[in-house]
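Consider the single chain below, provided in structure tokens and representing the form predicted on its own.
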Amino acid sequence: MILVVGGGPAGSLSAINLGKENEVLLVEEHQSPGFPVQCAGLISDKCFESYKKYCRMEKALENKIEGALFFSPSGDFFCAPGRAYVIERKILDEMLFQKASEFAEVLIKSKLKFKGRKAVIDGKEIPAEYIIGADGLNSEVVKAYNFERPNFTTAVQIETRFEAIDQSFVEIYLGKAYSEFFAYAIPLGDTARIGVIAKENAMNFLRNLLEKHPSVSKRIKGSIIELNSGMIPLKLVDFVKGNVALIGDSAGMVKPHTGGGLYYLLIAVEKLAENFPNLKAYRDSFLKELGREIKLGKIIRRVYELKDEELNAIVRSLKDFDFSNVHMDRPSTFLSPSVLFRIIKTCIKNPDLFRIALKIISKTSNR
């Protein structure tokens, strides 16, 4: 029997894929999946289409996105076209959990504990041959089996009335005053999800964004409707030990440059099912597929460490850049011949951008 711990997307998808040919028990500690909300809900077009294999994604759809506007600290911005979708995570999680119940025995409001390395629910030991830890950054599986816990950062998000520049464009805000990574606004009609990502003092950064940002502060039109917060892992850890494997946030399976995890965990689940019960092969297959993307995502994340004047220079330089053939889930698309050629041309025209690129590469090679 396979014990899957956690009823979020990682756990539900694991139960669906493994339950087709195996006995699976899926355990969720909350009354229903999707609570508390810890996701902005922005996913790529490819990710949206991939999840259609498992549920009716249109039921969770809130907005169609055509690109992103990247703001410098000074309030200037450039446009990067690219199709994406905004979804309601509570609905997605519920649909996937319901689907999982067709392939696995499901327990809700069931807090799993470990006595040593024995899984116990309500005083009853669970005779699991394999254990899949899909229970997030506070994973009981991680604790019981002494996996490394990923370092994490915090995301704080509100929903409020907001006058978006364009309802079909997400807005990304850079600058040391507004986030240690980046801040964002995701339009939802008359309202928007506005959030920041920071290791510490996230609420202070959010307050600065809402009250002092040269563009955002002028477009807030009401009070807070909803407030959510969550943790985002900062690195991928070794996620297999013997007959135990981690998946999703517990393993740090997120895009380093955005913190989004739905696309990477879906690939992980399918690699797990393809290779099961060989968990080492699952790990190797996942790393072969996404290891390079994760490394490149870490390089992109170095941009958030730059000084404000350097971020201003980047935004100025990229106003006329052609972002076609660049995909938000695949940083390696920046290295395709056509895109790389455009990057080189842009750097030649903008010496400041070339200098900044060398600085990022130098920092990466020294770590």
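Don't overthink the numbering: it's just position in the shown sequence, from 1. Nothing here was measured: the structure is a model prediction, and the numbers come from that model.
Although not depicted, the form predicted together with a small molecule is the subject of the following passage.
For the three marked residues, 89, 184 and 254, a heavy atom of each sits within 4.5 Å of the small molecule in the predicted bound form. With the small molecule left out of view, the stretch that reaches within 4.5 Å of it through heavy atoms in the predicted bound form is, among 165-173, 201-209, 287-295, 245-253, 245-253. A single residue from the set 220, 131, 236, 265 has any heavy atom within 4.5 angstroms of the small molecule in the predicted bound form; that residue is 265.
In terms of contact with the small molecule in the predicted bound form, the residue from 311, 68, 57, 39 that brings a heavy atom within 4.5 Å is 39.
By the criterion of a heavy atom within 4.5 Å, residue 110 is counted among the residues contacting the small molecule in the predicted bound form. At the 4.5 Å threshold, heavy atoms of residue 302 stay clear of the small molecule in the predicted bound form, well away from it. Contact between residue 157 and the small molecule in the predicted bound form is found at the 4.5 Å heavy atom cutoff. Under a 4.5 angstroms non-hydrogen atom cutoff, the small molecule in the predicted bound form has residue 140 among its neighbouring residues.
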